[in-house]
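Have a look below at one chain only, the form predicted alone, in structure tokens format.
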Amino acid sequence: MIRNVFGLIYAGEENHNLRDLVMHRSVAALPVGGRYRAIDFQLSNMVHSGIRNIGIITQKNYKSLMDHLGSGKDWDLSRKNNGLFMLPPYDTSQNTSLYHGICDAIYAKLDYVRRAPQEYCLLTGSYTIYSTTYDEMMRAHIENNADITMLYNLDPPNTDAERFKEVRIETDDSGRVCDIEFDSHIAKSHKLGMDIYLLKKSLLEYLIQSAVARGRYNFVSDVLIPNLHSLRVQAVEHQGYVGRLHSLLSYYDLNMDMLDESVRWDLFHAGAPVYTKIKDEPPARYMATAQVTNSIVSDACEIAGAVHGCVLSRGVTVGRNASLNGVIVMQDSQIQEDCVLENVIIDKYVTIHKGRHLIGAPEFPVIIRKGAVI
């Protein structure tokens, strides 16, 4: 357990590659795996590591995120000392516009950083999905006398035009980072950064103030890369499953990956559990005509049709003779009788009327925005 660390989660990422999914919510609030939100994984990882002081920096569309997190009691973060802190924008006379980047966001919240009694900061984004504890990362940080330690996983270089701010690193035999590629068109390294950094609070404050004073706001290109040879930057490999929410396709693939038993085991069972907001709802109800295979079905669903290889959030209704294959359906949406849906992402509160056919491709799923009536 690492208790001399506070967590700082930047939930202000904007990614238009996620299209309608982030029209009314932040990336951190995206529903994944039926009953979870993206932020649940970061919070659970920190809590299981013994971190009890966590700040979440928001920027836009954070209403649903605040509603989901509440006081933090579902993560045991509703406390008199330390706990969960929401850090919204526009809360000082100096902070009167949108953040230019993560450095600008942290600079606006330096008062929270300075008040934190812990010596170290664990800085993360909110679009990476994985399950771990940070004890090994902390141990490696101290043993290597590192200034900054970052987490990475092995992933083959890709040429996906929808990739979002990829950070690929090269290390020497001791694990020290010797080169970083940021959003490169031709990536050389298989080591893909996970947007997780451990460093002393005093160093973070110095680096952020130095960058902002020079009009630089990106943590990787404006802080890490220029200081790569003056600071000791170490890298630690995460060997489990890692999903990233950097495009519509990656969101679809992440949810489909969760239908794989080995991925579910790695995310939810191999380590500590993933906590989320508890809702007291009845179990799913399966009618006599229901056919369900290899799917995630959440509480309060009512199924009378065929559901194969799908992820259904709470309160979803599937009518008689409806056929769903490779479909992600978010909370309280209704698919009426005789509908045929394949490779579709359906947001919350959507109604698909009787007999509609919506067919997408696994590489290009159809997306139905929140509240739509088809």
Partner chain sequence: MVVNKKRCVAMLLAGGQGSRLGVLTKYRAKPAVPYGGKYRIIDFPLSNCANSGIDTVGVLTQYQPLELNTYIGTGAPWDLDSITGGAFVLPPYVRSGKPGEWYSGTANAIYQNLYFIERYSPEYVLVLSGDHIYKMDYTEMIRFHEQKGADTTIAVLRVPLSEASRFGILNTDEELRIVEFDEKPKQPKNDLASMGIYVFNWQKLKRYLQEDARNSASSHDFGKDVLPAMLAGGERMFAYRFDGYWKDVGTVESLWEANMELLTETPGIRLRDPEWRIYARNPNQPPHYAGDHAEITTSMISEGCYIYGTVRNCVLFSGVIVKEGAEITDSVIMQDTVIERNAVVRRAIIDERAYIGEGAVVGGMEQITVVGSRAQIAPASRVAEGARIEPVGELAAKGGDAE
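Because the structure is predicted, anything quoted here is derived from the model rather than measured. Residue numbers count along the first chain shown, from 1.
Below, we turn to the form predicted together with its partner chain, even though it does not appear here.
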Looking in the model of the complex, is its partner chain within 4.5 angstroms of a heavy atom from every one of 118, 201 and 213?
no
Which among 231-239, 145-153, 175-183, 261-269 is in contact with its partner chain in the model of the complex, heavy atoms within 4.5 angstroms?
261-269
Would you please decide whether residue 112 lies within 4.5 angstroms of its partner chain in the model of the complex, comparing each non-hydrogen atom pair?
no
Would residue 281 count as a contact of its partner chain in the model of the complex, using a 4.5 angstroms cut-off between non-hydrogen atoms?
yes
Heavy atoms within 4.5 Å of its partner chain in the model of the complex: does residue 297 have any?
yes
Is residue 292 close to its partner chain in the model of the complex, meaning a heavy atom pair under 4.5 Å apart or at it?
yes
Contact assignment for its partner chain in the model of the complex, among 274, 84, 105, 187, heavy atom within 4.5 Å
274
Can you work out which of 100, 79, 139, 285 has a heavy atom no more than 4.5 Å from its partner chain in the model of the complex?
285
For a quick check, can you give me the residues of 104-127 that have a heavy atom within 4.5 Å of its partner chain in the model of the complex?
none
